[in-house]
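Below you will find one chain, with nothing else, as structure tokens; this is the form predicted alone, and questions on how it binds or moves follow later.
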């Protein structure tokens, strides 16, 4: 390795380290703050305590809000995987005009600000006469999570050998049986990856959800904003730390089941 290559490697590692530190510092500060005994956001805290985690059991409406968030995230994720999987198969296997435009349209919510999507959906739902808050939230989150499913499954389908499906059909499988027995197991990593990312995106969504909540039906990020306005104490840090832990658990599951390198390659 030449001197120039060594310098370039050192600079690259230094920049990568600085980026990781920059991104991880707010998370570490949040976790440390959640274990402080002070009612103010102070670091280092005067002493260590779990009082803010214990206080979560007495926060009014936290359980129902968490249930709404999990229900919306689970249903929107499942719907996005089904719809995104079928759409991806059509885009890969189909030969019709406008395929590229349709694929770009299905992933366009990733390119638009959340506020723009929220305002557009709010006007569209009002025009359609949709007033139910829970249904509006579900449809909005399906639109938010669909691009994760389409992008991941479509990329995996481009590498899939569809002659395996044809071989299954020659062995007596119907078209549906061939897809179920051959295609779905082969794309299981893509389904798991897209499902995890879609679920986390739904759980964390604020910009779109704020347009479709009310006093009785709200998601966890909206409730955290309300808590920040009403009682700005480390209770919010405790909730945030639990969400960070949820993400770490999902990453560990992905690493054990699929491998983080394969996830990165798919995205």
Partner chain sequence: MSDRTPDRVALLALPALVYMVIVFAIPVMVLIGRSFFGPSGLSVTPYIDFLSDGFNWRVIFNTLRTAALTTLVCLVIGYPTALALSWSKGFVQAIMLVAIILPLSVGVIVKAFAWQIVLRRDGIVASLLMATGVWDEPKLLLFTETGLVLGAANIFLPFMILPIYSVLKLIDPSLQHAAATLGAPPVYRFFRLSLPLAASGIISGCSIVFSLATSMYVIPSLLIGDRYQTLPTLTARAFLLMRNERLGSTTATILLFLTIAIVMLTAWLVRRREVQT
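Because the structure is a prediction, the values reported are computed rather than measured. Numbering follows the first chain given and starts at 1. By rigid core we mean the largest C-alpha set that fits within 1.5 Å across both forms.
Below, we refer to the form predicted together with its partner chain, which is not included among the displayed structures.
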| query | finding |
| --- | --- |
| Heavy atom of residue 50 within 4.5 Å of its partner chain in the predicted bound form | no |
| Contact label in the predicted bound form: residue 61 to its partner chain, heavy atom within 4.5 Å | no |
| is_contact(residue 195, its partner chain) in the predicted bound form, heavy atom dist at most 4.5 Å | no |
| is_contact(residue 221, its partner chain) in the predicted bound form, heavy atom dist at most 4.5 Å | yes |
| Option touching its partner chain, based on a heavy atom within 4.5 Å in the predicted bound form, out of 75, 133, 157, 83 | 83 |
| Residues within 4.5 Å of its partner chain in the predicted bound form, restricted to 27 to 43 and counted by heavy atom | 27, 29, 30, 33, 40, 41, 42, 43 |
| Core fit, then residue 12 C-alpha moves 2 Å or more between the shown form and the other one | yes |
